[in-house]
Structure formats: structure tokens, C-alpha cells
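Shown here is one chain on its own, the form predicted on its own, set out as C-alpha cells.
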Amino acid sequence: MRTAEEYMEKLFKMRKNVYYNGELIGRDDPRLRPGINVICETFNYAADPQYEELLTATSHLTGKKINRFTHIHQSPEDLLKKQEMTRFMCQRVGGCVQRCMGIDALNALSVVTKDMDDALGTNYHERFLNYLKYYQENDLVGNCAQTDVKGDRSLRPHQQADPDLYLRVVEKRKDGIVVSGAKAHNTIAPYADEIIVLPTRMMTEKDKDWAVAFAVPADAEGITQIIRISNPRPRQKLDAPYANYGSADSLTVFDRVFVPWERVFMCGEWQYAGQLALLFATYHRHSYTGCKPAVTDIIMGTAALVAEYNGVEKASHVRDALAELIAVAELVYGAGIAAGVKAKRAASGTYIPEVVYANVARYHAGVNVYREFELLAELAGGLPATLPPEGDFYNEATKGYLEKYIMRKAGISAENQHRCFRFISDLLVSAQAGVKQVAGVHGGGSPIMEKITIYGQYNIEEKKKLAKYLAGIKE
């Protein structure tokens, strides 16, 4: 397994292909560091004997100890351990741990490549296992690039005015393929080792050029990343763990990128594009059953803390708000547990979370995002929105006034009052807060997509038979 230092050493040597606000930047740019810090923690905790059992696993390929973020789930227990790890790590970094994207993609590929080989006589699974061994032994960090820009949403890939609005194969060579197009919303891409590309939807035979899956280094020739960075507001004096973690995502452009055959895991098998797209969504939504409860934990703990600092922690409306937050967090987590316990073994030996439970969990997480922030805002009051800048708390002309008038409950220092409300301001009214709220709704699939999957996978006919039986209807 790698250390955080080894991860960064490799990262900072990568080819410059990242653009931010009109500027070509290296991966050692300090503005990327908060996101990199998040990934570093996945190495740091894995190396800590106290958390070794949670953060590491045994490779089913080599028998070696590996980072759990590179593991293919071999049992329901593996899925439950991944969920527990995700909640723990998201609590530690104050939000999305980001590294789950890569392993969710690899688990989906481990299933579908075997299914294609069994049905079509291809050799994708052997290629995948060779790549997986390389990925595990080098303890790599992967981004899953799935979402195409899509153009006209009413049209299929082959019907678009510009065929590159879905990523596609433009040339097949003896030694590999050439692809063009773009993938959007690629969280972690600027500081990932690898980009793992999957289809975004079901395809028809006319869409076979767009039915493609592969992996390439994130700095491969022809790849350009146009990124947005989302970091907490910088602190002048009141350094805090939350202020050190951030994220970045990319619109990743593929301009005639060459991919060697050994890194190609689907090429034209349109019948399996939808299965691969949905299976990644299933794994990723199961990961959300760990990360979304962690975010609720943070909101819940902050809401309880500010209520205590305000001296209203025993008020009935505070207890009601906290109970509501608990109910959301544990309902989502509990459904994730059910998805793991009810997991099914695929032909490849990989375990797949139960689809309905995973989607029910993600749906409830998504539709409750704004409600959770609303509850925190209600308990915190208006100060997070109007809190003076940090420098005013250290200016001799204003420091005394702010320390005097920020005070709430006796016995809590002015600095701790300030720290509490500064944190809430970051959570509720910063630019990063807005990003996290929208991402909480749409990341891993919007609520409507979960509803479509839930309805499509649920046995409604069985329920109708139950109703007929109880009603005495015989046919």
C-alpha cells in the first residue's frame, strides 16, 4: 500500500493538463491541496493500526493486504465494511471522501466484463483482472467518468447533431482504440491517478460506437480537464480540521485519446451498456448510504452544539429537529445495511448490493438534503449569514466589541462561540455550502432516477396478487 507522501509525489509529476479559471495549473497548485488532503487521509488511516481492519482488506487476486478503496467485494460483509468505512471517513473530512468513485466503477466492471465474456466469448474479464491487479498493487486513486454532456436530452447518442456530445469510439486500431467526447461532473479527477470511463445509459445497436468502457491515466495525451474548485473559506487565525479539506471536479475532454486494448473493457457491446451504467449507480448509491449519514451526523452535531451554546438545548423544538435528523441518517444507513445483507453474488464472484434498498436509501438522502440544512439554519439563527469577517475579531479596534457581543451561554469562551458560528457559516452560506447542497441532491443520480429504478426493480405484481387474495378476487 502507498503512503500519502508517495501518492502526492506521483501526482505532482503528472503532465499539466488541468485548467482552472483560464489558467493551466500543475497538480501541486495550492488551490488543489484541500481536495488532495481528503485523499491523503484514505492513506493515513489505512496505515494506522487502530483503523487497519476498517480501511484495509485482503485482495482476492493476490492474497495481499490492500487499501479497502481498491477492493472488490467478495461477501455481504465486505459491502457492510465499505459502508462503515465510508461513514467514518466522511465524518473525519467533513463531507465526501471522494475515493469511492473509483472502486464503485471497478466493482461494476468486475461483474459486467464476466457477464459479457460468458455470453459473447469476449476476453474483457481477463483484461479487467490484469488491470485490477495493477490498480491494487499500486494503490491507485480512480475517478469514474460516467456522465456524458448529452446535448439534446430527447435524442439518443447516434441522433445528436454533434456525435461527440456522448463519448465515442472514433477509430479502432490493431493496438487499441481512439475516443473523443467529454465527461462531466468528474469529482476528484484533477488529483486522481486514473480516469475510469463507463457508459451513461442504455444503448441501441445504432449507438454501439458510444458503448465503451476503459481506463486511462488522468494525464494521458489528448485529455484536458477544465475544473471547478470548492474549498472552505480560508482561515486567518482560527484554523480547524474542516478548513483543510475541499474538493474539485472536472469537465474532462477526450480529444482523440488513444486507449490500448488491454485497458478497454467494453467496445461496441451495446446490449451491456445499460447494465454497466446501472450497476455503477447501484454501487455508488450504496456508498452514499455511508457518506450521506455522515453529512447528516455533522449537521446534527452542529445543530445540537449551537442549541447548547444558545442555551436552548432542552427546548422541545430542538429535540424535535434533532430527532428528525437522526431519523434521516439512520433510515438511510439502515437501508444500506439491508442492501448489503441482501446482496447477491454475480458470476464473477463479486457481490452486488440489493438494488431496491440501495436506491430507497439514496432517494431519502437526496430529498431530505435541503430540509437538513433548513433545520440547522432554524436552530443557528441569522448570525451565520451576517458574521463579521474573521479579521475583525483580531483588530484591536473591534476585537473587544465582538468578543463581548458574540457571547451566548455563560461558561463558553468567546473564541469557542466564534468557532462554532464560523463553522456554521461555512456549512450554510458559503459557496462550498451551495455546491454541497446541489451535490447532495444529484450526486450518484437525481431522486427521479432512484424512483425509476425502484419502480422498475420492484415486484408490483406480487403486491397486486396480495390485494386480490385479501379482497377475494379470483381469476
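This structure is a prediction, so every number in the text was calculated from the model and none was measured. In case it trips you up, residue 1 is the first one in the sequence shown, and so on.
The same protein has a further form, the form predicted together with a further copy of the same chain, not shown here; the description that follows concerns it.
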Consider the chain as shown here, without its partner, and state which of A346, V178, L278, L251 has a heavy atom within 4.5 Å of a further copy of the same chain in the model of the complex.
-> L251
With a further copy of the same chain left out of view, choose which of L129, M116, V149, C267 has a non-hydrogen atom within 4.5 angstroms of it in the model of the complex.
-> V149
Can you check 212-220, 106-114, 151-159, 120-128 and let me know which stretch has heavy atoms within 4.5 Å of a further copy of the same chain in the model of the complex?
-> 151-159
Taking the shortest heavy atom distance, is K404 within 4.5 Å of a further copy of the same chain in the model of the complex?
-> yes
Is the gap between N310 and a further copy of the same chain in the model of the complex 4.5 Å or less for some heavy atom pair?
-> yes
Does any heavy atom of C100 come within 4.5 Å of a heavy atom of a further copy of the same chain in the model of the complex?
-> no
Look up in the model of the complex whether H71 has a non-hydrogen atom within 4.5 angstroms of a further copy of the same chain, and give yes or no.
-> no
So which residues in 460-475, when you check a further copy of the same chain in the model of the complex, have a heavy atom no farther than 4.5 Å from it?
-> I460, K463, K464, L466, A467, K468, Y469, L470, A471, G472, I473, K474, E475
